[in-house]
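Next up is one chain by itself, shown in structure tokens, the form predicted alone.
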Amino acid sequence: MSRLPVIVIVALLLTPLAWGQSIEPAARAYRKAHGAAILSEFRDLLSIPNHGRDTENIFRNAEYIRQQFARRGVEMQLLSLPGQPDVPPLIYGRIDTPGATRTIGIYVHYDGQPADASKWTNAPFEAVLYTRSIEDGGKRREFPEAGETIDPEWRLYGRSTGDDKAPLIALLTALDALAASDIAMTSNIRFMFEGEEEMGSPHLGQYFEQYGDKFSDVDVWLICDGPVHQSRRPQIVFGVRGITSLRITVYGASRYLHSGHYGNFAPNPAMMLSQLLASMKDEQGNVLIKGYYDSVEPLSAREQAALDAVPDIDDQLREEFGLAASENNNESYLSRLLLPSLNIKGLESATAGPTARNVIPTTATVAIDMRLVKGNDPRDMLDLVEAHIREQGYHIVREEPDRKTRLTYPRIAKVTRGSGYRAARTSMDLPIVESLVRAANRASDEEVILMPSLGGSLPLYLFEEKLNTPTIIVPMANHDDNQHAPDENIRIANLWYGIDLLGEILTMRP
């Protein structure tokens, strides 16, 4: 991809030319002229596997990203934690703009979810282009040549196309468009690119403690993650749900038993677990655990007004998902997001399908995640679940029960508590909000939606607690991007919107 010399880009970043000029026409012109090269560079980035525990490749990602931003004249560093050489680096970038009165932080994560290649249509780290989504009958096609017209409805498939490498290529392209059009930034910029978000950001707090001085001047963090609204309209989001998890294993006999000889005599742990889980939620999907909803913090009047203005997409979602009805007698999607959830991620007990045997299994296990809302404390919520398990007659253990324990307690549950973090929600009254709304509206043909909270989870509480800085989410991915799943993808129109949006953010007036 042809680029302006670094010295030219540096000069443009440091000289207040065309102060506050809108980049939207320039960004569109740049995309039209360089679209094929943009997609080619994105393909290169997507080709590097990026699970956070794949040390070699996650470091390859970090160095590649550092180099690409450094080529644009951005001051870049790979930060590490002393004595922890295998922890993915936190990528730090800095742009100082003379005369700027505001410093904006931009966060993106460069790691991705694990990818089981056997469940993908194509190899997850071989980015492929389709004419439409695969579900809509799209056909695979070659990447475009220079000057070839690009259909915004094309889909680019590969792990992390939507979550969360798209903002990286969008930022790089926005910087190129700025340089090509002699448009200067209006804010100081700090970049933070994390390599462990999909694992729960276990070291982000340590990075903040070690390198907090690098981020001390940031006025607001813009989090580039998550999807636009299901209506395809852009949205600005002011919060996320928190998360915690647990595993529960219940026990039957100490060895597998013949279901004919011992059925109706030996308790079946799969049935026991099913009954335990059924006691936690009613038929409409409402959690029955005592106190589960008590700590929910209500919305403010402005947040409720913003929520009331969000378009109703419930029927659309039910149609898209093939559902005749949704939970709690079709209660609105947005209302359900404001409550903590209790979700079964997976169940295990013996085998099913062709390998099923006529046995009574010895154990049954469930993995549960709990999405938390503002006001919920992760440890307190886990305590409530454990109290409910005890109320159902179970003796809770932390390790495999020994013979004495098995002979003493008729119902035993091993509970393994996961880590977690609280929800976060930023006030909609921050001065920068009006500027962000204008930027998003200029970058899109449709009016931006203000959303109090996303349904997903990000460790934004760390920004509040350790950096004392508010966070606002500016998503760009399509809502049907198969996030975390096989055949993850980005709709090209959403990638183009992300480029325009970030260009507008870099040049928006204080």
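Here, rigid core means the biggest group of C-alpha atoms that superpose within 1.5 Å across both forms. Fair warning: this is a prediction, and the values are worked out from it, not measured in the lab. Position 1 is the first residue in the sequence shown; the rest follow in order.
Keep in mind that the form predicted in complex with a further copy of the same chain is not shown, yet the notes after this line are about it.
Contact annotation for residue 120: none of its heavy atoms lies within 4.5 Å of a further copy of the same chain in the predicted bound form. At a distance threshold of 4.5 angstroms between non-hydrogen atoms, residue 260 is in contact with a further copy of the same chain in the predicted bound form.
Under a 4.5 angstroms non-hydrogen atom cutoff, a further copy of the same chain in the predicted bound form has residue 252 among its neighbouring residues. Residue 181 falls outside the set of residues with a heavy atom inside 4.5 Å of a further copy of the same chain in the predicted bound form. Taken together, 266, 282 and 360 are fully in contact with a further copy of the same chain in the predicted bound form: each brings a heavy atom within 4.5 Å.
The contact residue chosen from 419, 275, 84, 101 relative to a further copy of the same chain in the predicted bound form is 275, the criterion being a non-hydrogen atom within 4.5 angstroms. Scanning 96, 383, 217, 327 against a further copy of the same chain in the predicted bound form with a 4.5 Å heavy atom cut-off leaves one residue, 327.
The stretch from 70-78, 136-144, 347-355, 149-157 that comes within 4.5 Å of a further copy of the same chain in the predicted bound form, counting heavy atoms only, is 347-355.
With contact defined as any non-hydrogen atom lying within 4.5 angstroms of a further copy of the same chain in the predicted bound form, the contacting residues in 231-247 are 241, 243, 247, given in sequence order. When the rigid core is held fixed, the Cα atom of residue 154 travels less than 2 angstroms between the shown form and the other one. For residue 82, the Cα coordinates differ by under 2 angstroms between the shown form and the other one after the core has been superposed. Residue 120 is not among the residues whose C-alpha shifts by 2 Å or more between the shown form and the other one once the rigid core is aligned; its shift stays under 2 Å.
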